[in-house]
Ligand SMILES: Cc1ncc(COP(=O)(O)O)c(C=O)c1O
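Just the one chain here, laid out as structure tokens, in the form predicted on its own.
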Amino acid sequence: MRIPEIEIPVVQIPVPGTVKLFMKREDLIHPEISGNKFWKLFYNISQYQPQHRENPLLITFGGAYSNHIAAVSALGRLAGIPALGIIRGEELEYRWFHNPTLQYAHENEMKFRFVTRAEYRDKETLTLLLQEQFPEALIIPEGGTNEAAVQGVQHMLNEQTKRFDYLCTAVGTGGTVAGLAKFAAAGQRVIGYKTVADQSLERKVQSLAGTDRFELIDATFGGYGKISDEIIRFINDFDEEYGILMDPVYTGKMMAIIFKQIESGYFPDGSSVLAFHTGGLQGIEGANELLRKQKRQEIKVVKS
């Protein structure tokens, strides 16, 4: 992987009052490995050197609609390295082909291994077993979060981002907010919007970042992967107003909270806020399939 030569746009999102809100469109960085996934994988794959191995292999973990699984499958295809996805939920083994994310990963020639939820939770044991079976593999944690990922996130920051008072990102496994906190300019406040109810997350982020220069705010809206009618309406209204589509698990939830914070006066008058669009749009198709089955409003996707 090479650093793309494109300049990622920063666009203003007009809001009432004196607070200035902007969005950095990291979702545009790559057509298949979008947003923070690109940067979290950047140094992991750059340091791997598969050409020096007889049996190179990428192994990672994720659920049925995982953006990370989709990104690693694309990375494997583009880099010419076989990929294996450890998928949470053994019941998916006989119906994965009905899942848009897993279909996409399969088209990228990723192989799957389906494990029970109990096995999936015990990743330490699972990882040791995989290391024994595939000693030459690069095993990437769930969500891509490790020290190499934190180093990669620094590329989401540049001279342009230094002018903002607040840097905001959605948080799943914590790698992106850790990278922002570690490499933010002096005086900047970093806010992570938690989409998962994980009480250990703050300690994990602090360990990865080597600093406590961040704040975590709840943005679960009923739980990780849960999609409320409120979020669907917000995403559709946002896209109609600003022409920017967001995913319902990460960026959509973060932006909904940021709008509420602006309305309530959370940000001081005159402050400038930069929110990172971290991609994840591939998950909308799967989300809409579930919403359709529930006879609920869907996320509107304008076909180009």
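In this text the structure is predicted, and so the values were computed from the model without any measurement. Residues carry their position along the shown sequence, with the first being 1.
Just so it is clear, the following notes concern the form predicted together with the named molecule, a form of the same protein that is not shown.
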| property | result |
| --- | --- |
| Listed range touching the named molecule, judged in the predicted complex by heavy atoms within 4.5 Å, from 226-234, 95-103, 121-129, 170-178 | 170-178 |
| In the predicted complex, residue 278 touching the named molecule (heavy atom, 4.5 Å) | yes |
| Residue 267, heavy atom within 4.5 angstroms of the named molecule in the predicted complex | no |
| Residue 67: touches the named molecule in the predicted complex, heavy atom cutoff 4.5 angstroms | yes |
| Heavy atom of residue 61 within 4.5 Å of the named molecule in the predicted complex | no |
| Candidate from 76, 152, 85, 143 lying within 4.5 Å of the named molecule in the predicted complex - any heavy atom | 143 |
| In the predicted complex, residues of 24-58 near the named molecule [heavy atom within 4.5 Å] | 36, 37, 40 |
